[in-house]
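Next up is one chain by itself, shown in structure tokens, the form predicted alone.
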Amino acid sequence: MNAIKPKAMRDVFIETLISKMEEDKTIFFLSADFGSPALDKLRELYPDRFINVGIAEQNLINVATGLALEGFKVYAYAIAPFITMRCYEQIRVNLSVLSQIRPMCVNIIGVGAGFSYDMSGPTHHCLEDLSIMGTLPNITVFSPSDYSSAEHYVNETLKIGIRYLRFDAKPLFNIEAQEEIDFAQGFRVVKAGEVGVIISTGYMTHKALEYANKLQLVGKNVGVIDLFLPSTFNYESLEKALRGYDVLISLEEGIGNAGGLDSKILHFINTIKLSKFYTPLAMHGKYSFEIGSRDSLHEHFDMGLQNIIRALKGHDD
């Protein structure tokens, strides 16, 4: 991690978008009664291109679609579990289906991916979005691990297309990766390893790097790959990045075996015909009503350091 203070993805993204709004009059920003410090600035500078639709996520998607069909580049912003699940039919019909015949630019920004709102309980945990948004045709899922990735993605969001941006709610440090962000690849090598590699997305890339650094202290050199475009990454490039590894471990704040990150990787493994020892680490089909820290939730769902060690030992056995 670098010494720069942590920042919230949403604020850095919105601040960068504000600079684009000055030159591009077609950018519109919608909110479902959800704010941020940066959004206060946007609302003050461009009140004619900001709409708060209220606590009405279904209407948020309807209004966003209407503006996009009129040629605007639209950003629809709300808490992640509500903007994905409360209005799923509107996203499916208005955006996934309609965009196939009526090209438009809509960016769904969900804040609070995974266990971001750890103390708020299962209603605010967003553990299904990788699965349900990833299953919709014509929608790109962007799952950044830090604010620098979110900032660099702004230019991508100005292009025609439908995207779901799953932002962590907490301020995070930037990750010092060995590779630069390349949206054509959909992933970056954060740390090179030897026998095993952890493939993670979003906040869990921070945990993967933490685990890898701890394991290195005891002589186990584990690599880390940040998969920030889990539905559209380049298969050939990832296959090259995995050469030399015998053990693959995936790490996600999501429900396992339900179409999330582990399912994307299994499809990749099957398509490329990889022969690897693979262990997916994710939630095992239940919600948690225990109120605790993010780390305690990871331990509860067997996603901690000891589970990484067991996966590596399983290969040795």
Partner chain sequence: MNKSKFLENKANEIRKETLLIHKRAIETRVASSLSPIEVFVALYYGGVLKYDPKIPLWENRDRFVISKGHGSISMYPILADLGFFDKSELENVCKPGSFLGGIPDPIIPGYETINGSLGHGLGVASGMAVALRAKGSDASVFVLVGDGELNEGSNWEAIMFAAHHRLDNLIVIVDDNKASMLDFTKNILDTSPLSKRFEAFGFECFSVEGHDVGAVQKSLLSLKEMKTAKPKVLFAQTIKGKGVPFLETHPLSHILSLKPDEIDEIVRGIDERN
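It should be emphasised that the depicted structure is a prediction, and the values quoted were computed from it without experimental measurement. Numbering follows the first chain given and starts at 1.
The same protein also exists as the form predicted in complex with the partner chain; that form is not shown, yet it is the one meant from here on.
The stretch in contact with the partner chain in the predicted bound form, judged by heavy atoms within 4.5 Å, is 60-68, chosen from 271-279, 250-258, 60-68, 287-295. None of Tyr117, Tyr245, Phe72, Phe233 but one reaches within 4.5 angstroms of the partner chain in the predicted bound form through a heavy atom, and that residue is Phe72. This chain lacks the partner; the member of Ser131, Thr140, Thr157, Gln90 within 4.5 angstroms of the partner chain in the predicted bound form by a non-hydrogen atom is Gln90.
With a 4.5 Å cutoff on heavy atoms, Asn94 counts as touching the partner chain in the predicted bound form.
Contact between Leu98 and the partner chain in the predicted bound form is found at the 4.5 Å heavy atom cutoff. Though the partner is left out of this view, Arg102 does reach within 4.5 Å of the partner chain in the predicted bound form, counting heavy atoms only. Although the partner is absent here, Phe34 lies well away from the partner chain in the predicted bound form, with no heavy atom inside 4.5 Å. For the stretch 19-36, the set of residues having any non-hydrogen atom within 4.5 angstroms of the partner chain in the predicted bound form comprises only Phe28.
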